Structures are given as C-alpha cells and as structure tokens.
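Included below are structure tokens for two forms of one protein chain, each presented in isolation as structure 1 and structure 2.
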Structure 1
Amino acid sequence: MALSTQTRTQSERADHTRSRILDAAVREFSENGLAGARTEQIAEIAGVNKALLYYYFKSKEALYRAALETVAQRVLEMSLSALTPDHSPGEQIVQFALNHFDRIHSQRAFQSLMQQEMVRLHRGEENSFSSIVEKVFRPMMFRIRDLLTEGMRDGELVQADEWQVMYAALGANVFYFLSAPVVGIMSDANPLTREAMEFRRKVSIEFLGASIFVDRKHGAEVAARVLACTPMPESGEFKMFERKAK
C-alpha cells in the first residue's frame, strides 16, 4: 500500500532534520574533534533542540560515526564521478588526480576528520579509520590500479609500477598542502591563496600529462582538455597564513 501524503511529508521532514544535524556535526567535529565538540553547539547550528538530536542519534559517539560516514560517502561519490568510461584510462587518471587536488582544498572537513582518525589510530584508541579505508579508499585505489593496468596494456601509459604512479600522481597533491607552512615561511608568500592553488593544480596536471603517457603530445592534449573542462571549485583561502607577502 502506498504511503499517504502525510506520512511521506513526515518522512521527508525527518530526513531533512537528520541531514541538518549531520551537516552541523561534520562542521563541529572537523573543527574541534570528538572530544572537543559540543552537542549543544551542533544542535544550535542545526536549529534543533538537544533532545531531538539524541532522538536521531543515541550518543555523541554515534553522531560522530554517522557524520564521518556521511562526509566519507560524499567524497567517494565525488571522486568516482571523475572516472567516466567514455574517456581513455589515461585521461580518467589525469581527471582523478585533478579531482583529488580539488577535493583536498575544498573538502576540508573530510581532511580534518581523517587526520583526527589517524591520530586516534596511532594512539591505539578506538577509531573508524579501518572502516573508512574499506568504504572509501580501497574502492578508489583499486579502480585507479585497474585503469593503470589497462592503460599500460594498451600502450597509452608508460610501463611502471602501478603504486608508484599513484604515489606520484596523488602524493604530490598531499605534499603540496602538507608542506605549505614550510614553503610559506621560506618564500614569505602564502601558497594556499586561490591564485597560487590555481597555478599549482595547472602545472601538476601538465607534469602528469608529460610523465605518464607514452606519447607526450597526447599527454599534453589530455592535460589541457581536462584542465579546460574542470574549473577549480569555489572555496575560501586557507587561513594558515596571516602574514602578507612583502
């Protein structure tokens, strides 16, 4: 029997409320961690009372796990959407690398939560890191590995260890953001302004096009095409540096 209009409306309202709570929780947990986050603040941001928060999520820890899974699922969907079967394996890998760069700079809540989970893992504390690896990182990495294998077999990509190519393509993005404080001090400039990030994502993709393709002209064309079709997403500058460049 079909649900009544009233039942559907109540269900939709409940889903909307739960979504607001999760969005608020992602923000609060990413900024303050599990220990420092306040459920009162989450309820206030979500526009609900604290009792309703606990109606949907039985504990602070349950809310944290749900928030982590929510943002992880968003990242997975965003990442896999870059892999379009109508493009060659090489082009999909270049697109994925660009998507990875954009994800680091635009999905900062996920980056913060992952860092917190890694710290908890190293301390031997209860954590959700293994679950996120299985749900997010494993399917992404295996898909990229399969594309690399296909591209090398078909002669589009240079013969190399698949993991080394992944380290080179994605590790460079991670290092750029992790090393930003050191580079900022050395250069007396903020490498995480929008202008600086636009330049870095461009040259990193151009380098990838020149390094992993057998035909460098083809690789350059792929890099140019991917960059032209993928503008950098909007996001405020990182507040890592307050000092202005001289």
Structure 2
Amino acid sequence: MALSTQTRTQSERADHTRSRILDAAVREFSENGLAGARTEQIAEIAGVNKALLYYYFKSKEALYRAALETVAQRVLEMSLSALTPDHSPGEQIVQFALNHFDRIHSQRAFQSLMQQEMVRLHRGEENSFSSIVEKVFRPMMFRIRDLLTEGMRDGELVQADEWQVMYAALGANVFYFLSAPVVGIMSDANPLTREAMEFRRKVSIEFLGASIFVDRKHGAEVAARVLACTPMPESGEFKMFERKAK
C-alpha cells in the first residue's frame, strides 16, 4: 500500500494520489453522508495526511462535489454503452432496465450518494449538482423517452405516459435495493446474496416484459432474449461497502 512511490514522474504520481483521495472520499461519503463523513478517515483510507485533502481540494464540500462527479462520470460511461440501436425500441428499453439493475448493485456507492443528494436537494441545498443532472441524467432520460415514444407509435409498446413507464421500470429496481435491509429483517433471507439478486434480476425483467408490450407473448420473448444475452456481471467489481476492520 505504501509502495509504487518510486515509479513514474512526479505529476503522474500526484494524479494517482489525487484519485486515491477521490476514491476514499466516494467510499466515506457514500457510507456516512456529507455530515457524517470524517476528513481524517478519508485521508486514512487514501493513505495520506489530512492536510493533503486541502492541498487538492478547497474544502470538505468541494471534495464531496468532486466525489459525486467522479461516480456520475462512471455511471454515464456505463449507461452509454448499454443501448443497442439495431434492436426494436421495446428491446432497447428492456436492455436498459436490465443494465440499470446491474448498475445499481455494482455501483452501490453511486446509489447511496444519490439518495443522500436527493435528501439534500429536497432541503433546497445550493447545488452545482445541476451540472451532473445535465451531463448524466438529462441525456439518458430523454434518450429513453424518445425510444418509448417510438415504441408506442409503432404499436410495440402499450400507450402510456412515457415517464410513468420509466418510473415503473427503474423504480422497481431502485426500490429493490432501497428496501433490501428492511426485507432482510422482515424475511430473514438476505436480498443481496448473489442468488437472490440473480432471481430478482430475472423476475424484474420478465415482469417488465409482461407490462409494457402490447403483445405479452412478444414481451416475454424479448425479456428472455435480453436476459440470455446479458449475464449478470461478477459482483464485487468495486469493493465499496466492505465492512471495515475497526
């Protein structure tokens, strides 16, 4: 951990340090929120002195914003590569929903930061979060909306408010992970094991297929096809949220 000190040029190592700080910040902020996170802890995770945080970032809040942008960027890259323009609108929507599901659990930190940011926004906190919305969410959402409009026009998808379809499709995924701790307590079966998630992922896509297509049989086929083409990614690609050995 204290190695790799003699490699490369100074500025390259500086970049590396900076991004280590950012990673540590993402982790600490996502686990504890802006108020709960401790700068000392971020420094320790990153393996640097606390003062270095202030060398690279103006303040705790600036670091928070930078951390938010980091994860947003990752999500943008991940979601852009998901759509497959040569398939039917309906199939692309299903594909997108499946990708969204996988994204949530591999990017737990993003989800967590988002949730907390929502609460902050509710309070009317001044943001600079707007730019993330513009860069990440707007293009994604409007792209999906256009696909839905097209699918409905073609008669592949049921007539409905486009945004409602999004709320239903993405909301089900978000709610699954959001409620996981409660469900865990409620049914003493942990919803975050690989088996549980694999099941939910399948069922979630199948239900979407049954919900939004005019021809439910066609919907079921699309769902099956998409599921077959997209295996669930290995878990633990990012090992955020591992329990710390105190």
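If you superpose the two forms and keep the largest set of C-alpha atoms that fall within 1.5 Å, you have the rigid core. These numbers were taken from a predicted model, which means no experiment stands behind them. Along the sequence of structure 1, residues get numbers from 1 upward.
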Taken from the structure described, the form predicted together with the DNA is structure 2
*With both forms fitted on the core, give yes or no for whether the Cα of residue 116 moves by 2 angstroms or more between structure 1 and structure 2.*
yes
Rigid core superposition, residue 48 Cα moves 2 angstroms or more between structure 1 and structure 2
yes
Inset, instruction - Align on the rigid core first; then say whether the Cα of residue 33 has moved by at least 2 Å between structure 1 and structure 2. - result: yes
In Å, the rigid core superposition gives a C-alpha shift for residue 22 between structure 1 and structure 2 of 6.0
